[in-house]
Structures are given as C-alpha cells and as structure tokens.
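Taking the form predicted alone, here's one chain by itself in structure tokens.
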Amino acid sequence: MDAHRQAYKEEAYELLAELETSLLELEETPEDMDLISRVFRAMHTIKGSGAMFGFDDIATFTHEVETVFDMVRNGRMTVTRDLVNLTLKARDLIKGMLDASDGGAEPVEGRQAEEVIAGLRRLVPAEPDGASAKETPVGGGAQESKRGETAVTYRIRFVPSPEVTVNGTNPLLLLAELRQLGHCRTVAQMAKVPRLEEIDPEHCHVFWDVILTTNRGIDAIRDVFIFIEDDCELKIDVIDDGGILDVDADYKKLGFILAERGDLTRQDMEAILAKQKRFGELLVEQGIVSPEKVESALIEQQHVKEVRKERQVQESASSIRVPAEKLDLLVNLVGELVTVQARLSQTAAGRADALLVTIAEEVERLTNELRDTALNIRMLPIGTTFSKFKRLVRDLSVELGKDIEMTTDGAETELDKTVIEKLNDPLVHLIRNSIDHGIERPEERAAAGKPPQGTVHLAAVHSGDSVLITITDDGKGLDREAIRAKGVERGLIPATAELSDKEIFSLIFAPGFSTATTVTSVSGRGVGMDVVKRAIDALRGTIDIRSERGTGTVITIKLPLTLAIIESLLVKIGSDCFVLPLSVVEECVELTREDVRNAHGRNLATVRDQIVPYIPLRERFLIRGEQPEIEQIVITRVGGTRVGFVVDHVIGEHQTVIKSLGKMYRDVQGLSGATILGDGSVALILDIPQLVRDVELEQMAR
C-alpha cells in the first residue's frame, strides 16, 4: 500500500503543478471554460484519489475548494483575483499536507485551512429568493446549464482493468457515485470471469453496463471515472436525448442494440443466422433494408470497433511511468558500456584482425544509438520549470508593489532532468534580482516614458549541443559606473583599469558584491549572484550579461544538454591523461622553447597577433619529468576571455563518461570529475573556470 501512496503523491505533485499553471493562466483569461475545467479536474482527481489512499485531510480540504469551482463551472460564480489568490493558497496548503504526510515537513495547521475555506465561502454569491439553497453536488457540469431540466439517457459500459482493484480502487464505489446522478439501472457482466482455478482473487474480472437517465450532463458522468480513466475502458452513448427519440415509440431492435454495444460481432451474427435465416437476409426478404445498407451497417460496426481497439492499444502503450532512479541506473550502465566499447575499439585497432575490427565497429554503432536513446529518455521540457516562475513573479510583484508580467518562449526545449533540477535555484536568484533591482515601480516607469507594466521574459533555445536560457527585463539596467566604483572600493579592480562592459558586469558575480543601498527581504545583501555563478560553473555552463542603462538587462546562460556523457578533448602531461570539455575549447597551438624565452618569464603567448595568457598545467599540478621541446596550448574561452592550458600532447577528441570523485578528493580544486579510458586507466576532468579563478586570485594576492 505504501507503493500506492507514493504513486498517489507523485501524481498529486504533478496535478498541483498543473493546477498552479492553470490558475495563473485563468487569472489572465477568467472566461476560459477549458481552464476552469482543468482546475476542477485537477482538484477532483486529488480529492478522489486522496480519499482512496488514506489522505483524508487532503480529500476533505480539497472538496471545499472543488465545490466553489464547481459553481464557477456552472456559471454561478465568476473568476476573480481574490478567488485565484485563495485557490493558490489552497494549492500551497495541499502541497504542505503532502509534504507532511511522510513526516518530511511540519504539519499544516488546521487554522490555515479554515481561513482559506472561510475566505472561499465569503466569495460565494447569495442565492436569489426562491432559488434552491441546496448545494449543487459535485459533477454538475456545464452540460446542466445548457440542457436545463432535460433528462438524457445514457448507455455506459464500464470495463475496469483487472489490476484496478490491486491499485486500491473499488469499482462499486464509483457505481454508487454514478447512481447519485439520476435514475440508474446496472447490470454486471460476467463474460470475462475465468474458470475458478484460474481466478486471481485480487483482480477484477467483472464489467458493468449501466443505463442512466440524468440531467447532469456527460461531463458529470466522466468526472465519476476521472481518476481511473487510464485504468478502464469507458464508453458513454446517448440513447435517448430528452424525447427526440420518442418520435418512434418502439425502441431499437435487439440486434441493433447488441450491435451498437459491440456485443454482437459480424462473425457471431453470421454463425447464428446461418442456423436459421441470416439477420440481414430476413431484413432484405422483408424489404426493410437493402443488402447494401446491411453490409454498410456491418462494416460501420466492425470499423468503429477496430478503430477504438487500435486507439486503446496506442493510448495504453503511449507512455509509462518509470522511477527516476531506474533511469539514472540505465544511464550509468550505458556509461559503463561506452567505456567498455572504447576499450574494445582500442584493442581491435591494435590487432590485425579484420573480423574483430568489424565486430568492434558494430558494437560502437549500437552503443552510440543506445547512448543517445538513453540520454533522450531523461530529457524533459524546460517548460515545467518556467511555469513555477510565473507564480514567483506574481507573488513578488504584489509584495514589492510593482506591476510585472512574465512571458516565456521555448518552453518545449528539452534538457537533461538533472540539469533542470539543478537549474532551479540559479534562475530563482536571477529572476528575483531582475524584479527587485531591474524593474521600476509603475510611477518611475511612467516618468521614464515606459509602460507602467514591466516585463520579465524567460526563453530557452537549442544551440548545437547546448541550450541557451535568457532572462530579459525591460527595467533600468545595470549602473556601470556604480559597479565599477564598488569594484575599485573593494579592491577587485585597479582604479585605472580599462575594462569592457562585459568585464565590469562580471564583477557582480564576486562574493558579497552589491551596489544596493538598502537590503530588502528579496535581495541586496550581495549573496546570490556568486552562488548563481558557482552553480552554473558546476553545470559546466557559462553566464553572460548585457545591459543598457534605462533599457534593461539580458542574462544568457549556456548549458550542456546533459551531464552524464560529454564530448571532450583528451590531453597528456607526462604519463597522466586529462580531459577538457570540448564545449570550451577553441583551438590548439604549439608552444616552443623560443616562444617561452621571448615571453620573458610571463605566461603569455601570441596567437595571430593577440596576446593569450596561459596556465602551464605541468607546473600547476607539480608533475615531474622532462618537458617536450614543443608543447601544446589548448586555448579555451572562459567568461568571454581566452585562456590557454599548456599540455605535453593533445591526443584528440574523446567521449567522456563522467564519474564523480571519491570523498577524499571532493575538495580538490580544479578538478570536476574523472573518467575511465579504453585501456582501463583513469583521466581527470579539468574544472576550467575554477582553474582560471584560482590563478587570478593568486596573481591579485601578489
């Protein structure tokens, strides 16, 4: 049962995310009935499944909120900002109840829930005189308002999957809820019940045919089954539409009814009729229906059945839910396979065995396909993260007395789930800073000739093997001179330094750097941007700032698609191998003894008339041994600056499966991980930004 509770929690968290997104969209388009229905369905599912799996507090609380939105759905209430505010609070409380259900968080105080419920009840309009004060039951549906008091009769076939009872669902409770909608007749069908010795007592082998006359509409019927819709076959047909069919006093013949229900196939019909007179032949003999029409009806019956069956198979096989841990294990195993495949290819290359080489090439091809497929499985659209920030912008705008709209673009852009998980905090910091420091108050914007409402735009787009995420605001922009003055005051730059805008803006990533004169509850203490920089570096990404005073700021984050396997450059120093991420490598040039002598002891190289500083890694890592006469400089671009790394030899491109360093090496600076090479040896992965930062700090300390 714990597994079922866990499955419910996972589904509930997804529904809460959808609920939040729908509410924020509903605030902008309060008349959108699709959004209102989405909000209602999310709460109805959370409530129904919660009651089923023992989350009684969530079911009770959600029922109150759902009741109010049912009135909205029926047109008895309108969507207001107060309603959205209270529903968002209710959503937060439900999340809090979920978090606290396994002891992982503090329990939600009953007082908070009561306040939200009381607030919602105050929004409910008073019933007009003579109107029924009776509360509309759940599932009233928009259809009721459209159909008025017209009672419609439905034929419902409810076929739950055999495993539905294993998952904790009791079909009889659903049928009881269905009976509350109107006059109802239910027939249990035993056709799928196996022989006694084959019965699994935990499975449900029965399905039901229901004839229901109600004025509640088809939506109300579907709502009854909403939280097991993926675990059942549900067919609802209108068989009496409020008197239209009464024109013909005789209802359909038995054969037609069975045919409509799909209980009588063409083969069964032919077999039975062959014993007597074929049903169609009887019709034709009597001159009731032409042979072509009989054939047409039979084809229609068979066609619809086949289409529905095919659709059901496709829908049931379209997606499955897999724990993230299993995906991580799969990617790790693929990583091991990539390592073994590299070893096989290396071994095959060293032997004059054509068959072995062929096998190695085939294994390499299959491994590459498997690697790409496994990594694609972990790809998620970044839109799930974007939607969270709409709530952040909305709440902060209210708190700071600003009018800010958030727009997004590229929500469908996919990124490795690990990257998305680690990207949340840096983006929160950047957006909070844009709102607090960037966007002006409405009166300031009006005075500057801008529209009163500010905009924060969040966009994502693929760029080669990376993803570019931009946060753009139309605020007042960064104060270049203030940042420079603060940098000089803190000793980060000399007073006479000639720096570009990019170099000056990069100062805001220094620890404790802030030009804010006041500290607010949102920002201003100088902590945050350095954390952002470190987080982006840890993701092997880069961050870039462009800003124009009075116009706004654009922050661009470049991230790799995945953190599991990267393309890299393999180099060698002495007998040790090292790996540099290929995404930061620009080119490789030679460094001769004469070049070193011409630099007069400074680590500077001239590359096509440009001075490029370099870091001699042999010296940096204290690697002994004789240096080659001609070394190699691997030139990288870090934070917009070209920096070289001197190595003995460049071996070439390498597909690197990243392994984390052990606990003993966790604090070693300049290394971000390790990888296993084809010959079984270990190569260390260089942390390029950290190495550059360490050297800069050492030079400033001299």
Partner chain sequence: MDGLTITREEVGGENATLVLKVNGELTIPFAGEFSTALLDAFDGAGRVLVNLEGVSAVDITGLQLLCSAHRSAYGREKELAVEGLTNPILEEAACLAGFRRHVGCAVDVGKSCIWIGGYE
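Fair warning: this is a prediction, and the values are worked out from it, not measured in the lab. Numbering follows the first chain given and starts at 1. Under this definition, the rigid core comprises the largest set of C-alpha atoms superposing within 1.5 Å between the forms.
Absent from the display: the form predicted in complex with the partner chain. The rest refers to it.
K.L.:
With the partner chain left out of view, which of L356, A105, I611, L172 would have a heavy atom within 4.5 Å of it in the predicted complex?
P.N.:
Partner contact (heavy atom, 4.5 Å) among the options: L172.
K.L.:
So the partner chain isn't shown here. In the predicted complex, which residue out of L622, M190, V322, A352 has a non-hydrogen atom within 4.5 Å of it?
P.N.:
Partner contact (heavy atom, 4.5 Å) among the options: M190.
K.L.:
Report whether all of G217, F227 and D372 sit within 4.5 Å of the partner chain in the predicted complex, measuring from non-hydrogen atoms.
P.N.:
The answer is no; none of G217, F227 and D372 reaches the partner chain.
K.L.:
Indicate whether the partner chain has at least one heavy atom within 4.5 Å of a heavy atom of T186 in the predicted complex.
P.N.:
Residue-level check for T186: yes, a contact with the partner chain.
K.L.:
Heavy atom to heavy atom, is K450 within 4.5 Å of the partner chain in the predicted complex?
P.N.:
Answer no; every heavy atom of K450 is more than 4.5 Å from the partner chain in the predicted complex.
K.L.:
Would you check, heavy atoms only and a 4.5 Å threshold, whether I288 touches the partner chain in the predicted complex?
P.N.:
Output for I288 is no: heavy atoms all beyond 4.5 Å of the partner chain.
K.L.:
Residue-level contact is defined here as any heavy atom of the residue lying within 4.5 Å of the partner chain in the predicted complex; does H205 satisfy this criterion?
P.N.:
So H205 counts as contacting the partner chain.
K.L.:
Tell me the stretch among 176-184, 597-605, 356-364, 567-575 that has any heavy atom within 4.5 angstroms of the partner chain in the predicted complex.
P.N.:
Contact criterion met by 176-184 only.
K.L.:
Rigid core aligned, does the Cα position of R179 differ by 2 Å or more between this form and the one not shown?
P.N.:
Shift of 2 Å or more: yes.
K.L.:
Superpose on the rigid core, then tell me if the C-alpha of E619 is displaced by 2 angstroms or more between this form and the one not shown.
P.N.:
Comparing forms between this form and the one not shown, the E619 CA shifts below 2 Å.
K.L.:
Comparing between this form and the one not shown on the rigid core, is the C-alpha shift at T556 2 Å or larger?
P.N.:
For T556, whose C-alpha is compared between this form and the one not shown after core superposition, the shift is less than 2 Å.
K.L.:
Are E14 and L172 closer or farther apart at their Cα atoms in the predicted complex than shown, with the shift being 3 Å or more?
P.N.:
Relative to this form, farther apart in the predicted complex.
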